[in-house]
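In the form predicted on its own, a lone chain appears below as C-alpha cells.
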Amino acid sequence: MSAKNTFHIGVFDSGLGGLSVLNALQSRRLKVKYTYYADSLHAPYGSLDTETLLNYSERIVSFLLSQGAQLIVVACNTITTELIGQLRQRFDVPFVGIEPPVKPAAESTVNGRIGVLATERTLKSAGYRSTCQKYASEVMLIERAGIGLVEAIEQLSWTSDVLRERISFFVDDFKSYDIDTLVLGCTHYTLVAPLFSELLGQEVKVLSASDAVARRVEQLTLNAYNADPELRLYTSGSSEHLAKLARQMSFKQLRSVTHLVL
C-alpha cells in the first residue's frame, strides 16, 4: 500500500488535553497518519456558548477532513457530551468521542465512593447526567469542577509547584470523602494523571477514558494498517510550546508543528 493510501485519523481538542488521547492512540502502534489540532487560543471550551462551540468544532473538523482525515476523534468531553450528534449529522465520516469513565469506575469501586473531576460544563451536560443515572445510581459520586485547572495545565510546566498546589487543593477535598476511585473527566487532567496518583496514594485508582478511546479507534482501523505512519500537529496557540510538549511526551513519527488559527 502506498503512503497516499495510509489511513488518516484527525484528532482535536480545546487545547493540549487531547495529547493524552493521542498518546494512548500511538501506544496502540497503529500504522496510520494522525493530524491533531489543539485549539488553545479558545480554551477552555467550557466557558463558551453552544453556538460558538459548534462553529469552532465545524471549522476544525472541516480542516481535518481537508487534510485527508477519514475518522475524527473528538478528544474533548464538552464537545462529545453536547455536540457530537450534530457533528455526525453534518459530516459523513465516523466520529469517536470521549466521556468521563463513570461506568468502569462504578463497576470497580470497592467502597462505593467515587470522585469525579471535570469541567462545570461537562458535569451539567445531559450526556454526563444520563450516564451517571444509568451506571452509577448505586454509588456515591463526589463531583467537583476543576476551575482553573485547564488554564494552568495549558500554561504551566507540569512539574511546577503552582500546578502541584492547585491539584493538591482538589486531592485534599476528595481524600476527605475517602474515595477509592477518581474519574478524570477532562483530557487536560489526564495529562497530569501521574501527579494525581502520587498525591492520592496507591490505594486510590485514577481513571481516564483515553485508553478506551484508543481501543475503539483500533477496532475501527484493524484493516487499515500501513507501513508509513506519521503525525502532524497544529495549534491556534503557541507552536513552540506544543513542540516542547510533543518532545517531552516522545511522540513518534512527528513531521511538523504548525501555528494555525481557523
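Keep in mind the model is a prediction, meaning the values are calculated, not measured. Numbers for residues come from their place in the sequence shown, where the first is 1.
What follows is about the form predicted together with a small molecule, which we do not show.
Enquirer: Is C186 close enough to touch the small molecule in the predicted complex, meaning at least one heavy atom pair within 4.5 Å?
Expert: It does: once the small molecule is placed as it appears in the predicted complex, C186 has a heavy atom within 4.5 Å of it.
Enquirer: Can you check whether V150 is within 4.5 Å of the small molecule in the predicted complex, heavy atom basis?
Expert: Although the small molecule is absent here, V150 would touch it in the predicted complex, with heavy atoms inside 4.5 Å.
Enquirer: Taking the shortest heavy atom distance, is Y56 within 4.5 Å of the small molecule in the predicted complex?
Expert: Y56: no, not in contact with the small molecule in the predicted complex.
Enquirer: Is the gap between T78 and the small molecule in the predicted complex 4.5 Å or less for some heavy atom pair?
Expert: Judged by the heavy-atom cut-off of 4.5 Å, T78 is in contact with the small molecule in the predicted complex.
Enquirer: Out of F196, Y45, Y234, Y34, which one falls within 4.5 Å of the small molecule in the predicted complex, going by heavy atoms?
Expert: Going through each option in turn, the one that passes is Y45.
Enquirer: Just one of 196-204, 23-31, 37-45, 213-221 has heavy atoms within 4.5 Å of the small molecule in the predicted complex; which?
Expert: Stretch with heavy atoms near the partner: 37-45.
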